[in-house]
Ligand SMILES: C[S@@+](CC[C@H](N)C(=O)[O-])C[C@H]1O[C@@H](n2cnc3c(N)ncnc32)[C@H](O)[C@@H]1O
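Only one chain is included here, represented as structure tokens and corresponding to the form predicted on its own.
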Amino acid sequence: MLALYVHVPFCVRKCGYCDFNSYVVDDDGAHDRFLAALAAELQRCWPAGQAPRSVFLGGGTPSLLSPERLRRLLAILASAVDLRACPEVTIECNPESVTTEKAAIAREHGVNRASLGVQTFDPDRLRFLDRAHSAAGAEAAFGALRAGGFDNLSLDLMFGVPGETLDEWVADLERALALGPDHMSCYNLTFEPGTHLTHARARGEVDANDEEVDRAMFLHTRQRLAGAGFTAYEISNFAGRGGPCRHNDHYWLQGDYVGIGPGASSHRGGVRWTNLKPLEAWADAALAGPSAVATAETLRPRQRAGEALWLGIRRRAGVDLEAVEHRLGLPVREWFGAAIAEQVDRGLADCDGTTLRLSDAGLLLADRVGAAFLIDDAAA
């Protein structure tokens, strides 16, 4: 099945840790041109009559659009797909731009899930992360989404902020749980290349948080959320009443998807392509046609098989090796048997011959374990 990703690149502020393709553009004309280009690209790129497995409006900050433009965005999507019939339609929101009116507009048009980027409730860490909201604003935004009709609401939190203590993270987690979210994503802050935070670290202005403290935060999160009735279905994601995020799970299962918008990526049948990132260049290409694609690659067989393991091992259910071999028609266990055995011998993974999954020790080193299955193009 095919999923649809829609990239809305506007933000009220560029956060220092963020490497997403986003822009601070407070210009109604630019927003209107973006919507026109998006409509043109969607009509060309989405297969006519195809029902999406899921739809995800990400960014950037989709909730930053004015009520009128949010209506227009959703009408554009409804011209190509039936949002109301789709099992999961998610909109990403940041607290400073959420209103009950916008929430009600989204629900009216078939959006049935919201993801609220809180990151932290601590005022010092909010300033450090360049967030534009306050703790009270985050709680008010959560309430506005509920009042607007959302009964499947996810919260994003971030731990491991430089200087953060375990007690401070515990307090953040408790404050989030007190709101009663239906899903939670809890990410360890990472220093992404090219970000302001990474540059500050290179200048010696910022140090990464202590690894043992981050480890304690990770373990506490899993224990506390399990006690609160959440299921850790992926390294950083926890399903409550709202269940897992179908869209993200589709990515981890190496599903096919179409991405529209500046910098959006797509994948179909082992071919991956990415749109132009600059907003104006993407809009020019999308409006002129026939394509706004900047780069494309066809994954070689070993590459594709390795990525299936790299993505799938993040899921707590692990990787069904037989299912991957059947789907790809490739001898995955033959090709990667030695790499799998090495991770098992190191105590970082368990494998019964059919299912490969991270061990408890491997959960703490998931990126390292996953990287063991990635191979370069020359070896593919």
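Remember, predicted model here, so these are calculated numbers, not experimental data. The numbering used is simple: start at 1 and walk along the sequence shown.
If you look for the form predicted together with this ligand, you will not find it shown, but the lines that follow are about it.
Using a 4.5 Å heavy atom cutoff, Glu92, Gln119 and Met158 all lie near this ligand in the predicted bound form. Out of the listed residues Thr100, Asn209, Thr274, Asn188, Asn188 is the one that sits within 4.5 Å of this ligand in the predicted bound form by at least one heavy atom. The partner is absent here; in the predicted bound form, the one residue of Asp82, Asp167, Glu192, Glu205 having a heavy atom within 4.5 Å of this ligand is Glu192. Stretch 180-188 is the answer when you ask which of 241-249, 216-224, 180-188, 266-274 has residues with heavy atoms within 4.5 Å of this ligand in the predicted bound form.
For the chain shown alone, Cys18 is a contact residue for this ligand in the predicted bound form, at least one non-hydrogen atom being within 4.5 angstroms. Among heavy atoms of Arg131, some come within 4.5 Å of this ligand in the predicted bound form.
Within this chain, Gly60 lines the site of this ligand in the predicted bound form, having a heavy atom no more than 4.5 Å away.
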